[in-house]
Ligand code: NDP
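Just the one chain here, laid out as structure tokens, in the form predicted alone.
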């Protein structure tokens, strides 16, 4: 890397990784290897092993042993907190390396990747406090002969399946909280973005996490991912991905051991803009809400719902913002929108743009594949004259494509916002506190932003309503999610005999 330039250089050769089990890398050896090309540059950047079913069984067995012998779950909160704090510090020390490989494999701008890595260190530091504060409850109101306790115990071995859009961030929204609860982990990253998950496993070992508590198997979702979902020795599974695949996860878990599930799934998230909003702020926020991570974000604000009196003018304000956004080389520090991560997703986004035009939507701007000589890029796209029945208004596109629909009343705005199978996130832009509170209360979404979007931190939980998922990640809720509740009844004094 050339750190003196505003544009980082590409690696001379791809970096080879093993997978990670029992505190050490396992070389690829005779296994097939997946060569990942940077979506922004079309050059190979990493070599990742394609693990086998036996590799997965080994990783789960190691995680099971590590959990059952209590090398981690048996430690007190202070000891767990020390490891998590140290991991956060090591993430900060290796932040540039992590951000670099995140950008190389994913195609997101390097400036965004750096900010995400800093947020991930925050997650570990915050979770360290939760490791010490996790607690149950007591009931001293059961009479003189009985005392009641409610305890929280770690659920056991947790499988994590993460997607390619935020490989490190989504992982770090889970791992520190899972570890704070006392569980052990087998993680399966997307086969196209595995590097930073493997780096995190190495960091955790250096931070003092006992061997076997964080394991990473690499390979495809259809083989290794499916085997992890179905594995009878995995007690809970955290899956992040599409609602369609999430439905298959539920079915697979039901066929095996009824493992507990945490699911963060799709979204078709509304951004509601009232005429009394600071429209300049709102236009910038709306552009950010769909442009961040190239629109490949489950909480992207992809449905723009605008009060009719300002709808046309606001559309032109968003168009002007799109015209000035910097699309280009992800390794350039000036870039704001990078590359589309996979060939398949690139084709999907372009197909939706074509479908929107075929359905009668008006292309206000964008809609083009951009040619920089290498890599795959799509210009930020805005559609007008969109109706609620169009595919571009109903289906998750997962790209920089924004639809605009007008409304006349607050009731209509809420109805349009809720007219979706999803309920992951939403934003409202208004300077009227009554409107803001009414919309916040009545729009069905697990995360909500008022006069901002895509804001957050480790304190507040993440998750969705409706078909956007089950459970919550991050915050104290994210630790409790990976525990089981046990009721304990303690009799005091001599028992009243049942048999005389």
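Treat the numbers as computed from the prediction; the structure is a model and nothing was measured. Numbering follows the first chain given and starts at 1.
A second form of this protein, the form predicted together with this ligand, is not displayed here; the remarks below concern that form.
A heavy atom within 4.5 Å of this ligand in the model of the complex is found for one listed residue only; from 271, 381, 184, 162, this is 162.
The partner is absent here; in the model of the complex, the one residue of 377, 168, 322, 398 having a heavy atom within 4.5 Å of this ligand is 398. Comment: 212 to 220 is the region of 212 to 220, 282 to 290, 197 to 205, 175 to 183 lying near this ligand in the model of the complex, near meaning a non-hydrogen atom within 4.5 Å.
Although the partner is absent from this view, residue 345 contacts this ligand in the model of the complex, with a non-hydrogen atom inside 4.5 angstroms. Under a 4.5 angstroms non-hydrogen atom cutoff, this ligand in the model of the complex lacks residue 154 among its neighbouring residues.
Although the partner is absent here, residue 190 lies within 4.5 Å of this ligand in the model of the complex, judged by heavy atoms.
Interface membership of residue 337, defined by any non-hydrogen atom within 4.5 Å of this ligand in the model of the complex, is ruled out.
Shown without its partner, the chain has 220, 221, 222, 225, 226, 229, 239, 240, 241, 242, 245, 248 in segment 220 to 253 as residues with a non-hydrogen atom within 4.5 angstroms of this ligand in the model of the complex.
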